[in-house]
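Next up is one chain by itself, shown in structure tokens, the form predicted on its own.
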């Protein structure tokens, strides 16, 4: 069994596609770091990511499928599911191998997996927009932290840049340990030191928070509590619409 082992990036996966055609070697399995190697892998090829090669594959892909289908492939990759990478790789190869349009062949299990994972990733990006809660720091920067299931911060950040306009904010993915800082003009990817309490709890300490932050948090919790209609409280529906995994960083779900 031939296995392609790549670095876990989308460019790395596309470089693997380039290698499959240039070396005339088609893998039965594609594995990223942390993925489980097949038991009987006799030929393991380490793919060295080459952006120039991945761009050639991507541009060729755009000539073969619609932009919507290409976008679904790129977005589905963000599900970070090692078991899915082989399906995505296999479908991309099928696009190049077929003279016909395969993006509407809904009998293809690989295509269905791409569409389903794309839907899940986009849904998670929407939840980041919904459930991100900001705290105002002493320097007027608004700080928000989450642990999304998928790697979607770059999909959500444009919403916050439009919302804040010329304001300053940080949104941070605690699970993947990176975020974005916007200073009112430029947007930069960043990493923060993880040795401060707010990186674990999501709550800015008093020496970092704006003087009125605690007051505004209390007002928001009070509003959340007293606008609820006791007779219509439905915990099951609430967990469905607001998954418990987000509650850790929700102001209204802490401190009541």
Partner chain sequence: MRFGGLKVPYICIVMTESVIERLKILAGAAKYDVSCSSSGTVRRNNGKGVGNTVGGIGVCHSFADDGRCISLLKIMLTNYCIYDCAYCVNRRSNDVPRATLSVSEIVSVTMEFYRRNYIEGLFLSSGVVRNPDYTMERMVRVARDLREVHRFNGYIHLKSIPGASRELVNMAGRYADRMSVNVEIPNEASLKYLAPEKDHKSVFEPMAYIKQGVLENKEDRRRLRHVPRFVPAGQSTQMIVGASPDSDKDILALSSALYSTPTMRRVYYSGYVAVNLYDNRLPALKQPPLVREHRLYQADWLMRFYGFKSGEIADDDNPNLDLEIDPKLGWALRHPELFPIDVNKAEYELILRVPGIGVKSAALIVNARKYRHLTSEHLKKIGVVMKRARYFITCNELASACVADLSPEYVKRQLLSAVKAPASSDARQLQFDF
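Numbering follows the first chain given and starts at 1. Just so it is clear, the structure is predicted and the values come from calculations on it, not from any experiment. We call the rigid core whatever largest set of C-alpha positions still superposes within 1.5 Å between the two forms.
The next section is about a form of this same protein that is not shown, the form predicted together with its partner chain.
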| Counting only non-hydrogen atoms, which stretch in 22-30, 62-70, 40-48, 224-232 is within 4.5 Å of its partner chain in the predicted bound form? | 224-232
| message | If we define contact as a non-hydrogen atom of the residue within 4.5 angstroms of the partner, is residue 120 a contact of its partner chain in the predicted bound form? | response | no
| said: Within 4.5 Å, heavy atoms only: does residue 190 come near its partner chain in the predicted bound form? | reply: no
| field | Close approach of residue 106 to its partner chain in the predicted bound form, 4.5 Å, heavy atom | value | yes
| Does residue 199 make contact with its partner chain in the predicted bound form, using a 4.5 Å heavy atom cut-off? | no
| Would its partner chain in the predicted bound form be within 4.5 angstroms of a non-hydrogen atom of every residue among 126, 213 and 241? | yes
| query | Of these, 178, 131, 181, 84, which has a heavy atom no more than 4.5 Å from its partner chain in the predicted bound form? | reply | 131
| query | Just one of 90, 149, 159, 174 has a heavy atom within 4.5 angstroms of its partner chain in the predicted bound form, so which one? | reply | 159
| said: Relative to the superposed rigid core, does residue 62 relocate between the shown form and the other one - that is, does its Cα move 2 Å or more? | reply: no
| request: Inspect the rigid-core superposition and answer whether the C-alpha of residue 51 shifts by 2 angstroms or more between the shown form and the other one. | output: no
| request: Return yes or no for residue 28: a CA shift of at least 2 Å between the shown form and the other one, with the rigid core superposed? | output: no
